[in-house]
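Shown next as structure tokens: one chain only, the form predicted on its own.
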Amino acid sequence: MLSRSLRSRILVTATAVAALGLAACSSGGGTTPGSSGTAGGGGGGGDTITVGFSQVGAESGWRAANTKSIQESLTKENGFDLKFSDAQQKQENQIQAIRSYIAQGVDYIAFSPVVETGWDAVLEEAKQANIPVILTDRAVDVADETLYQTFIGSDFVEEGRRIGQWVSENLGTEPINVVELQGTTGSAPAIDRKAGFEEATKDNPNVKVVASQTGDFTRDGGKKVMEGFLQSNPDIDVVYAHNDDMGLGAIEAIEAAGKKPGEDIKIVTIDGVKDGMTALAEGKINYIVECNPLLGPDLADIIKTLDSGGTVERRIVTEDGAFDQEQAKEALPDRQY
């Protein structure tokens, strides 16, 4: 479950509060566009809210935890009929899934977009079908922002900024060579985490990014790219990985090269999944900024609020922590993902 402070940012109108007090899930006679039983939806009928969700894929431990959270929150017992699809990191698969949900007449569509651009046409189709769209984890770049209702997720620029600040303050007291393992090309987290890091380190002449390449957010991708970095850049001091899985792949490459990750080459990552936190506790990773994947409960709350005539903020940002080695050791026993 996410923090109460985040939940308090889901704003419900007085009418919606009354409606929610009478029923735990959507009312079949609601008049909100896309609500169960209206002209725009009708996929579930009765008191069930039908939601079509398109996931990016299963490229990382973070994504697996995110999927599990959504599937465990949008259950029939909680008043939902969830239709789930895995895009396998391909935008064309995601667009096809969204169009399928529109054809089925679902009540709501939610998805975590593979990349930022290229969504205007399909989201316009959802709007014309009177089906509200909710963005989770990743944002989109569209000309008309009324094509989606709200976004819920982390501030990726801030994540990169926090990593950059830590590197600058703790490692950048002397000249260092940094290699960057980027996420999927064109995706919001890859773009924003790079920008945040650059912003935080631009005034420190000691921090120099000598190579930057995508590892596509996968462990295998991180390992392969890191192997290339090690061959072409003999003097690497720091690895900045856009997620834990690529950082864990980098650890494998560094160890195979006869070096000690966390000592010979420092590693900083973003996510905070259990495998990453374990590596941090063992000293193989040096610092992690969290990106909480447990968005399911809040997605369910957002949909129920909208379905009952309430309103939500256009952008709902999760509260994420950051960990050094000792903090990781303390957090691991109770880590949910």
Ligand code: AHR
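Since the structure is predicted, the reported quantities are computational estimates derived from the model, not experimental observations. Sequential numbering from 1, following the sequence displayed.
Although it is not shown, the form predicted in complex with the ligand is what the next lines describe.
Chemist: Partner absent here, but in the predicted bound form, which of 187-195, 248-256, 140-148, 90-98 has residues with a heavy atom within 4.5 Å of the ligand?
Modeler: Every other range fails; the passing one is 187-195.
Chemist: Tell me, yes or no, whether residue 53 is in contact with the ligand in the predicted bound form, where a contact means a heavy atom of each within 4.5 Å.
Modeler: Because no heavy atom of residue 53 falls inside 4.5 Å of the ligand in the predicted bound form, the answer is no.
Chemist: How about residue 308: is it within 4.5 Å of the ligand in the predicted bound form, going by heavy atoms?
Modeler: Heavy-atom contact with the ligand at 4.5 Å: absent for residue 308.
Chemist: Residue 304: heavy atom within 4.5 Å of the ligand in the predicted bound form?
Modeler: Taking the distances in the predicted bound form, the answer for residue 304 is no, it never comes within 4.5 Å of the ligand.
Chemist: Test of understanding: in the predicted bound form, would residue 275 fall inside 4.5 Å of the ligand by heavy atoms?
Modeler: Contact with the ligand, no.
Chemist: Of the options 80, 240, 229, 156, which one has a non-hydrogen atom that comes within 4.5 Å of the ligand in the predicted bound form?
Modeler: Selected option: 156.
Chemist: For the heavy atom contacts within 4.5 Å of the ligand in the predicted bound form, list the residues of 47-73 involved, in sequence order.
Modeler: Contacts from 47-73: 59, 60, 62, 63.
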